[in-house]
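Take a look at this single chain, the form predicted alone, given in structure tokens.
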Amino acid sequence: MKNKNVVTISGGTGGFTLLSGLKKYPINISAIVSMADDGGSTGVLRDELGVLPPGDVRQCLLSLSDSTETLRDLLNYRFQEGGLKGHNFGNLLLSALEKINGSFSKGVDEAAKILNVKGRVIPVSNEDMRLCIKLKNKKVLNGEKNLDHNKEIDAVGIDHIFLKNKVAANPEALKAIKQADYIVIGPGDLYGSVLPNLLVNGIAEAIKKSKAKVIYNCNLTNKNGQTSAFDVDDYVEIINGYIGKDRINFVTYNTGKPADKLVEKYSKEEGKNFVVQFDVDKNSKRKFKLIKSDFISNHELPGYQKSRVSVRSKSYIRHDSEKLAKLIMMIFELGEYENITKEII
């Protein structure tokens, strides 16, 4: 039986989690990655070297890698002092490979060979992609980095996002979407990791035209000011809105309960309604099928940013890669049958 072609659209920790689980199954993976990141080491390299942002791509490469732990640690190593302080070795490598090969996409392909990557990691665009954030008070913030810990966003909220200049889709991304049996969106920051991909010329249209079934892995928690008090239907409505059509067929939704100490921490940082809810009576005309399960992870992310003390020492509410991948594979099987129930527990 032919392996299914699976396109993922995510980024950051969510993308790492998703791909780390999916790579263990016999499927053909194409991971489409946003090129809007402009914070930290990535932002400095963009500004000083004129390269495309390597950060999210590096994480996807590592999540799909079957290389040695030493090599993965090397790609994640972050310099702590000197002129390179704050820079990630993997980001520097990808930027150098871009310069050597004449394009970022070719550099990514070379890195994939070095890391023995299963599947493909595809930048959503090969052009300079800059995110703009319009707030509900009509003020515009320039740069994806403004999404992090922004008191103005917390207070006012986001109206919508757009790109400073139009950018064309990477032809390889369009080809992957056209050939996909399934498109898996999220988990990941709605405005930072997911939606920027849909703003690239050609991507939303390709998803609309695609015959693939679309799965959305709904976030476990909301972010204050960005997705305050959002429920499942809110996320689905916004994503479908940026696509321009009701394309989401399945939604995975967490029923697990986070640890009490994490609930207390998130309540202080993100507000009382930080847990994403699902109201079965809210929308009688919803077209997606909801798949419910406990996705809460109780483990560290293996190989993710090991040199960053903050990531290793802090606790987060996040998906378990194995639980999520297992359920997605079940959806692949169920998706062959059009008469499955609206809600699966």
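Keep in mind the model is a prediction, meaning the values are calculated, not measured. The first residue of the shown sequence is 1; numbering continues from there.
What follows is about the form predicted together with another copy of the chain, which we do not show.
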property	result
Partner proximity in the model of the complex: residue 79 to another copy of the chain, non-hydrogen atom cutoff 4.5 Å	yes
Residue 64, heavy atom within 4.5 angstroms of another copy of the chain in the model of the complex	no
Residue 162 within 4.5 Å of another copy of the chain in the model of the complex, heavy atoms	no
Residue 298 within 4.5 Å of another copy of the chain in the model of the complex, heavy atoms	no
Residue (of 172, 154, 205, 73) lying close to another copy of the chain in the model of the complex, criterion heavy atoms within 4.5 Å	73
Contact assignment for another copy of the chain in the model of the complex, among 176, 190, 97, 220, heavy atom within 4.5 Å	97
Stretch in contact, per heavy atom within 4.5 angstroms of another copy of the chain in the model of the complex, of 282-290, 55-63, 40-48, 316-324	40-48
4.5 Å heavy atom contact with another copy of the chain in the model of the complex for all of 84, 92 and 110	yes
